[in-house]
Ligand SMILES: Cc1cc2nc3c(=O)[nH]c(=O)nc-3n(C[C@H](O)[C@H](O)[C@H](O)COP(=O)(O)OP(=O)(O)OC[C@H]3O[C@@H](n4cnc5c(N)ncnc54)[C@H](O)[C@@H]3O)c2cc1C
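Shown below, as structure tokens, is a lone chain in the form predicted alone; questions about how it binds or moves come after it.
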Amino acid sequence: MPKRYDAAVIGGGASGIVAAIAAARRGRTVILLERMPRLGKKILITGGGRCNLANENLDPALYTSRAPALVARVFARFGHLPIRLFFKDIGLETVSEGGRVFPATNQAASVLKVLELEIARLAIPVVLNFDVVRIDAPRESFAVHAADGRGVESKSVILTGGGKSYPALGSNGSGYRLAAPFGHDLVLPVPSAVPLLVKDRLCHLLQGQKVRARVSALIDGAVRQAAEGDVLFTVYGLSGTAVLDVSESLSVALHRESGRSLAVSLDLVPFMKAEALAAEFARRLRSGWSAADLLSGILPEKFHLLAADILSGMKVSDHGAAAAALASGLKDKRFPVQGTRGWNEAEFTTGGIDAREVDIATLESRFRKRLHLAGEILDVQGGRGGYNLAWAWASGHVAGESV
């Protein structure tokens, strides 16, 4: 191995691995440095172990960033089809399910395996358990220092240290600290795609119950995000895919803003309009159904507890009023949000190094030549559905091709 490399890639996750491959394919001497005992640990848990590695619709408008033009430029260079062709070229077949792209094997391990095989084919040296604590930057080179005293010299550095979600798998926010001495600003990272903390007796009573619902995130009463999918009631609050999908705006408001009124609204019967639902309840009441049975066949039996709360103090004999109140309560059940679960349960990080501080074409730092940043370390976030992994592959490839 040479003592001085053309590029040192810091971070052996999705973006770092692809950055190293892209640089090596251009004939650069590359070394890949990873603080964990193996590469790509987060890749193995994505998509529930299936690895939703991209999406057919990588519309930049679906991403949150202070540099939307940069997101568009990166995907113009390495979008959905180039990502799939990249993986096909290294031996991975992919399939599409409703626009979401998965490995044909349905195993995230297959994705990591072909990446590791390509690293080996290109003879890219990989150094594990290399915990970078400092990057010195003399005029013509970089010196990368590990906590245990080891060091690497390189002409360029690609910093792909990830965000802060799932710190046990390697993303602990250390990349932010490495970028700061070069003058980079940090958009406060907050957990995203994360369960919500709600203090409501109903969550405790229904814990473990899962239903399909439409969820709206409300900030000062205005809808900021909405999604339909699973809602899971827990002892601490709310989880499930639909809750994760609307959590970003609430998490940002909780952690970056103050004095906001935050809530989620659940439409627990998204398959019926309010008028039809009220008419059905009125019919049941006229037919002599008891209050405890009114939701039978519409929601799981446990939800009679919610019906009892909604109808508390009302005259059930007033069929029209009771039916309207019940329908309204089920179509717009609101829960005040007190907080989010922590980084160990967040799928993504919202925030990071301000993406306006890197070159739109090369992802090179605007403050230090030959320092590139890629992946989740940048303030670029998508929702669930393969968007964030697609950004990792694409930005890593663009950075790797640019050194």
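Everything numeric here is computed off the predicted structure, so don't read it as measured data. Note that residue numbering follows the sequence shown and begins at 1.
What follows is about the form predicted in complex with the ligand, which we do not show.
When the ligand is considered in the predicted bound form, only one residue from 33, 355, 337, 371 comes within 4.5 Å through any heavy atom, namely 33. Listed residues 87, 130, 233, 281 were compared with the ligand in the predicted bound form; 130 is the one with a heavy atom within 4.5 Å. Stretch 153-161 is the contacting one of 87-95, 290-298, 153-161, 249-257, since its residues have non-hydrogen atoms within 4.5 Å of the ligand in the predicted bound form. Taken together, the three residues 65, 189 and 359 all stay farther than 4.5 Å from the ligand in the predicted bound form, as judged by their closest heavy atom.
For residue 174, a non-hydrogen atom is located within 4.5 Å of the ligand in the predicted bound form, even though that partner is not displayed.
Contact annotation for residue 70: none of its heavy atoms lies within 4.5 Å of the ligand in the predicted bound form.
Residue 330 falls outside the set of residues with a heavy atom inside 4.5 Å of the ligand in the predicted bound form. A residue is said to contact a partner when one of its heavy atoms sits within 4.5 Å of a partner heavy atom; residue 389 meets this definition for the ligand in the predicted bound form. Contacts with the ligand in the predicted bound form, taken as any heavy atom within 4.5 Å, map within 8-40 to 10, 11, 12, 13, 14, 15, 16, 33, 34, 35, 36.
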